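What follows is a single chain, given as structure tokens, in the form predicted on its own.
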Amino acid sequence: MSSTLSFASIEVGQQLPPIEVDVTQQIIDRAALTHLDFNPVHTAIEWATRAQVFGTPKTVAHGMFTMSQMASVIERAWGPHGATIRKMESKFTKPVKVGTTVRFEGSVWELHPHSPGNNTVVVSLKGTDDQGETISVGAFRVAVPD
């Protein structure tokens, strides 16, 4: 990727660098603190073992964690160049168990040339787990420099 980003330099189908995250209990606990969501399905290991919510004895990551990782794909690639996420639409298709390695990738889906200072790009995002199964999908609208 070049060191500058402009609407004219972006093409439909352009791939953004993927990210991978090893989901540890420490990461889930930090996300709980950040989101102020201490639901035991995320944070109580013994409770999760007994309750087996989502059919697993393991704690699971928050949906906000998953969505924030999708946003990170855009922020890491384009944030330093002035891009700003304006809208996020996402779906979580599979719980993310502690101990899973997840991968998030995105590509440019649509270009919306409106006017100088108002051009936007829609980035399609997908998260997969270490089984290759889809955990999340999303479409994020991003304002990019002219």
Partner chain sequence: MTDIERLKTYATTEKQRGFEWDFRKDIAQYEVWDEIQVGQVGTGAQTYLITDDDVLDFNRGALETDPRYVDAEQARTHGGPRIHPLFCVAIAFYCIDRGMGSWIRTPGARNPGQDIEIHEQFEIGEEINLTITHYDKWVRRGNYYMQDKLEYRNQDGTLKATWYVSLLLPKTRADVQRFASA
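Numbering follows the first chain given and starts at 1. All of these numbers come straight from a predicted model, not from anything done at the bench.
The same protein has a further form, the form predicted in complex with its partner chain, not shown here; the description that follows concerns it.
Heavy atoms of Thr101 never reach within 4.5 Å of its partner chain in the model of the complex, leaving it off the interface. With a 4.5 Å cutoff on heavy atoms, His114 does not count as touching its partner chain in the model of the complex; it lies far away. Under a 4.5 angstroms non-hydrogen atom cutoff, its partner chain in the model of the complex has Val21 among its neighbouring residues. Its partner chain is not drawn, but in the model of the complex it has a heavy atom within 4.5 Å of Gln25. Using a 4.5 Å cut-off on any heavy atom, none of the residues of 101-135 reaches its partner chain in the model of the complex.
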